[in-house]
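For reference, the chain that follows is the form predicted alone, supplied as structure tokens.
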Amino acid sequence: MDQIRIGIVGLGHRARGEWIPQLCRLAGFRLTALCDRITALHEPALALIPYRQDVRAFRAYDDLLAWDGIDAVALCVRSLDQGAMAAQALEAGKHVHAEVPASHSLADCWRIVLASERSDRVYHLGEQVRYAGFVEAWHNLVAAGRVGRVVYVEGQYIGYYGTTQFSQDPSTGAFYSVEELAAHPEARPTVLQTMPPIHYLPHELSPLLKVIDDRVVQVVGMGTDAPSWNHPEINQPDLQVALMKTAKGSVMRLACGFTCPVPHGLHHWYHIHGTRGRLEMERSGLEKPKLWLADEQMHQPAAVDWRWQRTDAPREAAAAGHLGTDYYAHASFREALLSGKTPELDVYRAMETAAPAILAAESIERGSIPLAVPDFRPGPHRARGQAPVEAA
């Protein structure tokens, strides 16, 4: 294979704003198909493709997977079924490049893993924060032992983009804010009103687990009550929090919520505390990220100019979203298919960003009890029944 024929599934703002332009621009990809059950979104998506006459549009996902004109699917959907859709594509012999989160159920996590193993097809999660410049710098500092043994890790995604992503017209794809709902009775709740907020932790778990080279083995969750206190029209808790224990013994505190205002651009925050040092991203635009190393005669943390942008970014990354990090997610998938290189966020690491969040939500539902996180990697534990019977 010298070119990846890929079909994009889900034609919302992420697909039209980033995935379609990038996959048309990057060498090694050839966009051959689009798919969305909302046919009104087909034309706006086709209009973005310079060679649109060569692109086939599908309404039904099954029809796309049955077509022999694609090698891979790019899943840009927001649905509680997105894990099952990924597994279905692998079972149909297609490679998968998926938006976050990888799955909303443990059963679908196992189905994806087993389908990828059995089909010998690549599953790749397009989580981009793990490629940020500060993540690479932190990973190198931790790997070199500069901060000692990692004791405590924090990450949070307190995102607020207004209320327009919570209700949608299923015929046109138009979104409506809480204030507009009275005039649009056709609007229906989106996945953001049915998905526990804590499920959307890949942008924290993916980079932080990369930094500490670890995986989560136990989780307990707690959250505020639904509906939202800030927007009672939204049937979601304002915040959910998870405490996690890793295989190496570190403790993690991770939080997620989407209905309380925060200053623009300060949705994400990360912190690493080790036995010999601390790493921390800025909490506001009035400060810089901070570094403190006990062995370097530092009396106070020093300001460091760590950013999401990478100083070694190639020219191709300049036009990519999320300050260039989206490029690396696409490039990793491309190299996996064209060069046979194991992607950085392969099927096992991808599930390690999904399962702890899924179980955090389950813990909340069950009265905040601790729950064990399964190990998806091949080994004797699989024979002992960690994989559910229905996925085996």
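The first residue of the shown sequence is 1; numbering continues from there. Given the structure is predicted, the values throughout are model-derived calculations rather than measurements.
Here the subject shifts to the form predicted together with a small molecule, a form of this protein not shown in this document.
Using a 4.5 Å cut-off to the small molecule in the model of the complex, each of Ala15, Pro101 and Gln128 places a heavy atom inside that distance. Proximity to the small molecule in the model of the complex, taken as a non-hydrogen atom within 4.5 angstroms, holds for one residue of Leu65, Val55, Leu41, Ala336, which is Leu41. Only one of His139, Arg310, Arg278, His322 comes within 4.5 Å of the small molecule in the model of the complex through a heavy atom, and that residue is His322. Only one of 199 to 207, 247 to 255, 311 to 319, 218 to 226 lies within 4.5 Å of the small molecule in the model of the complex by heavy atoms, and it is 199 to 207.
In the model of the complex, none of the heavy atoms of Lys341 sits within 4.5 Å of a heavy atom of the small molecule. Although the partner is absent here, Ala115 sits far enough away that none of its heavy atoms falls within 4.5 Å of the small molecule in the model of the complex. In the model of the complex, the small molecule sits beyond 4.5 Å of every heavy atom of Gln193.
Within this chain, Met85 lines the site of the small molecule in the model of the complex, having a heavy atom no more than 4.5 Å away.
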